[in-house]
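Let's start with one chain on its own, the form predicted alone, as structure tokens.
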Amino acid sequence: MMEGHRHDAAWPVSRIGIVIKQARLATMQRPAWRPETLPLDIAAAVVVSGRSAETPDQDSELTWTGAVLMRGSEVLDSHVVKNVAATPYIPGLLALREGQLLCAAITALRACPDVLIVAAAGRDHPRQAGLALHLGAVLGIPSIGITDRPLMAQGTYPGPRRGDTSTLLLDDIEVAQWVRTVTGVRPLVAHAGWCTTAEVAAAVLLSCTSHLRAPQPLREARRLARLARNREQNPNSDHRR
């Protein structure tokens, strides 16, 4: 198991618990982390949904969560966890559905990353503490969020070329940046998370993209989770193709 960072076993399991935790995290001091050496060891985890779980609660759903640790294009470690998401997605409360699932997959990695990428918002959130920030705080790892669009923040699109960025503001505070990862392709949002700024989030995003829009660690984590799900649901299929 990953060593060197804390794992909060008492992850909130109720709506009010998550809201209270998010409100507290939003007020905590966060020293700004910046990468000191390159390349970075970057970890990412993604939850992939499966079929309905055999439980009385119809909202419960089997999930496969893939986590990877990468340095550049090299996969240093990976892990997939099968579990049950006991709640549906609730806007602003993604941590209630996915927090424990992502925690389990990340902490199964054998080494700590320099930074964590989460497919969720960070400071761009009703309580300024979305899942990308929340997970980083629980694990004690600098974190950023990557999404297709902002949650609440507003700002204009960046220029058309790879590397172009533009500011996204919430209550006149920069919480994220639009980032053009491929020239002429729709940009992504890089979110400030735990111990990170929007500027650092954008730099990390660009460091792990090249000719494809999405960051490689997230793509690889999603691929592994889907592969594990498909192997279990279709054991006779040939997934080598």
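Not measured: the values here are computed from a predicted model. Numbering starts at 1 and follows the sequence shown.
Same protein, other form: the form predicted together with the DNA, not shown, and the subject of what follows.
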| query | finding |
| --- | --- |
| The DNA contact in the model of the complex: I141, any heavy atom under 4.5 Å | no |
| Partner contact for C103 in the model of the complex: the DNA, 4.5 angstroms, heavy atom | no |
| Heavy atom of V179 within 4.5 Å of the DNA in the model of the complex | no |
| Touches the DNA in the model of the complex: V46 (any heavy atom, 4.5 Å) | yes |
| Listed residue (L135, V115, A119, L168) with a non-hydrogen atom within 4.5 angstroms of the DNA in the model of the complex | A119 |
| Residue among T147, N83, T107, S78 with a heavy atom within 4.5 Å of the DNA in the model of the complex | T147 |
| Heavy atom of each of P91, H125 and R222 within 4.5 Å of the DNA in the model of the complex | yes |
| In the model of the complex, segment of 147-155, 107-115, 160-168, 68-76 with a heavy atom within 4.5 Å of the DNA | 147-155 |
| Residues in 123-145 with any heavy atom within 4.5 Å of the DNA in the model of the complex | H125, G130, L131 |
